[in-house]
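We begin with a single chain expressed as structure tokens, specifically the form predicted alone.
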């Protein structure tokens, strides 16, 4: 007999996985250049040269020490480098003894929930949100409470006030946002932090705020990305180098516990315990050393801005209603019919693979990942035109 809950997580349908399988099948049948796959958030620009240079340099070292275990929380030298980077580049309070190196941002979130959440306690997420938030929360016996967005997809802070209860233990923010590309404004962030602090005083216990920031560097038009570490004491920053350095398969990131957190050392110890419970002995040793050498570098993210502009302007000209993305590499497009799944299914007639928004916590949109070639976006426009014409948009 297998655990019903875990088995359910394993066999539950994922629209993104289904689309990926369907896309692979269609590419084999009619050719890759005939299928316009916008379903996956896989970086499409190469890692910066420093990554390959670092790997080549490191491979000349003694392999036993290079590939051996590191401390569970990460190499002390890397933790020191990350803290210094947060201090110097972003003027954020950070200490190396409160940095925990992770196998990416997803692992960071799972660790936080194992460390902080008791069965029956609640986690608040702002829709639209990364679907795995629900899996991570329910996997440790918690309950995910979703707060709907305003029309501009900024969080509805009045709805947040009514969503907080005695059982609220943790709130997740994701900025820039997957799936919408929206960046949380400083004004919204400050108001959010104020609401949470008032709730902490009212209920007499900490409410932790975790900022999920794998897209932090992927912003355009000079859009600032304010950090919760500036505005809230009981905060944890969850970061990944998957997108900034185009290393999603290498699984490397970190958690930074606020230096102003109540009982910060105790919470950090709980995070270390959460890592053990999840089975993360340590983050990949080689990649820890690569990050140490590439800490302030990014891939050529200007290519994503080119794609963003091509896609957004092209779809607007065809009559589609789109949310303007300030960051990440996703565009959220309102569907011309209420049923986003039906719209996405209809789009497949034109070999357009789009992800319906239902799993992201809001109805009536599709997510279009523009981390593809600019050529694919240009070639897809006739297909989008046919889809628009079917709905009488152009």
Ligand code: PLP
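Treat the numbers as computed from the prediction; the structure is a model and nothing was measured. Positions refer to the first chain, counted from 1.
From this point on, the text means the form predicted in complex with ligand PLP, which you will not see here.
Quick one: which of 170-178, 70-78, 224-232, 269-277 gets within 4.5 Å of ligand PLP in the predicted bound form, going by heavy atoms? Correct option: 170-178.
How about residue 214: is it within 4.5 Å of ligand PLP in the predicted bound form, going by heavy atoms? Heavy-atom contact with ligand PLP at 4.5 Å: present for residue 214.
Do residue 251 and ligand PLP share at least one heavy atom pair within 4.5 Å in the predicted bound form? Flag for residue 251 set to yes.
Non-hydrogen atom contact residue 304 with ligand PLP in the predicted bound form at 4.5 angstroms: No, residue 304 stays farther than 4.5 Å from ligand PLP in the predicted bound form.
Quick check on residue 105: any heavy atom within 4.5 Å of ligand PLP in the predicted bound form? Heavy-atom contact with ligand PLP at 4.5 Å: present for residue 105.
Answer with one of 240, 246, 258, 137: the residue that has a non-hydrogen atom within 4.5 Å of ligand PLP in the predicted bound form. Exactly one listed residue reaches within 4.5 Å, namely 240.
Need the contact residues for 329-362: heavy atom within 4.5 Å of ligand PLP in the predicted bound form, sequence order, or none if there are none. Sequence-ordered list has one entry, 330.
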